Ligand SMILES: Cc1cc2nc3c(=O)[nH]c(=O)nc-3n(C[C@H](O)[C@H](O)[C@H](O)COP(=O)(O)OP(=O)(O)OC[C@H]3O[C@@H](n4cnc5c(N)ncnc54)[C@H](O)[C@@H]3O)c2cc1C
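Presented as structure tokens, the chain that follows is alone, the form predicted on its own.
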């Protein structure tokens, strides 16, 4: 068993900031992430990111169970035990269904960006970026820098909400202006969203139709709060509740970054620093990003018409191929899950669960291990059985 003073789940900006702060105390720190390198979604593909001196990175490590007593069950490193636990598990994209959203050529905005950072060639490919949130412009700029032909950015939020938000946070205007400069000549439509996709053609709510190679589409972010829920931490409106020191309602468990509220890089770094300091008994600086989180949510609140795009035959659960009409026959998530297997596929409801919550008002009743798909031998023994002749 690996034992540390502090275990941090997640090696994105929040987790790295927490590791840096915790390591200052001289305590032993473990950082656990399912990617081969640190950086998370924001810094993925960047130049080598230094890990805090004294911290150990458990890379390509899948966390499938978290238990009281600060035990993190992983593959392939077994149980990692700590005296304090910091959850910096980030967020994932929110998808909303419309006719054709499961067709080849439709990808999450952040997912396409990740693929490109990993080496996918998009030079000369026609891309429309659509959905909601500041991420869209950043994705469009990065795709264009890699040679993609960005045909436009379709933001569902109206201009009347976006401009006041930008004016209130004028300090961020230079960054926004720089991104727009990288997209010179690329249309930015507000109050517009995709209504259908078929055979490479996107129909938009403003009446435009575009032929594309990729529709990169995402309607904001959903916090990865499953590990916190598994530990019994209080969650409200999908977000983990923390105090001014980033401690959750479970003593000794801290949470930082997007799981406590969608707020981007600055919030992640601030909360990670605070969590790492608090977990090791250091002085904690007060938070400054709470108002930004609330204003961001209001500025990019989703238009209710987005929830009416799916047709009866539109798939809601992609893994188990469950259409809207079949789900609509049921009263709540558990019943739908039992009768249709919705949420029981490879993604374990991470895509269709948030969709069902918005379309029907359903919420998952519980979170159970394994948190991610994992080999049965791990569940049975807690460690991978070596094959005969294997030295791994």
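Positions refer to the first chain, counted from 1. Keep in mind the model is a prediction, meaning the values are calculated, not measured.
Unshown form predicted together with this ligand; subsequent notes refer to it.
Taken together, the three residues 33, 41 and 63 all lie with some non-hydrogen atom within 4.5 angstroms of this ligand in the predicted complex. From the list 78 to 86, 233 to 241, 253 to 261, 97 to 105, the contact stretch for this ligand in the predicted complex under a 4.5 Å heavy atom rule is 253 to 261. Checking 223, 194, 133, 110 against this ligand in the predicted complex, a heavy atom within 4.5 Å turns up for just one residue: 110. Shown without its partner, this chain lists 318, 182, 149, 92 as candidates; in the predicted complex, only 92 has a non-hydrogen atom within 4.5 angstroms of this ligand. For the chain shown alone, residue 141 is not a contact residue for this ligand in the predicted complex, no non-hydrogen atom being within 4.5 angstroms.
Using a 4.5 angstroms threshold between heavy atoms, residue 9 counts as touching this ligand in the predicted complex. In the predicted complex, residue 268 approaches this ligand with a heavy atom inside 4.5 Å. In the predicted complex, none of the heavy atoms of residue 18 sits within 4.5 Å of a heavy atom of this ligand. For the stretch 229 to 243, the set of residues having any non-hydrogen atom within 4.5 angstroms of this ligand in the predicted complex is empty.
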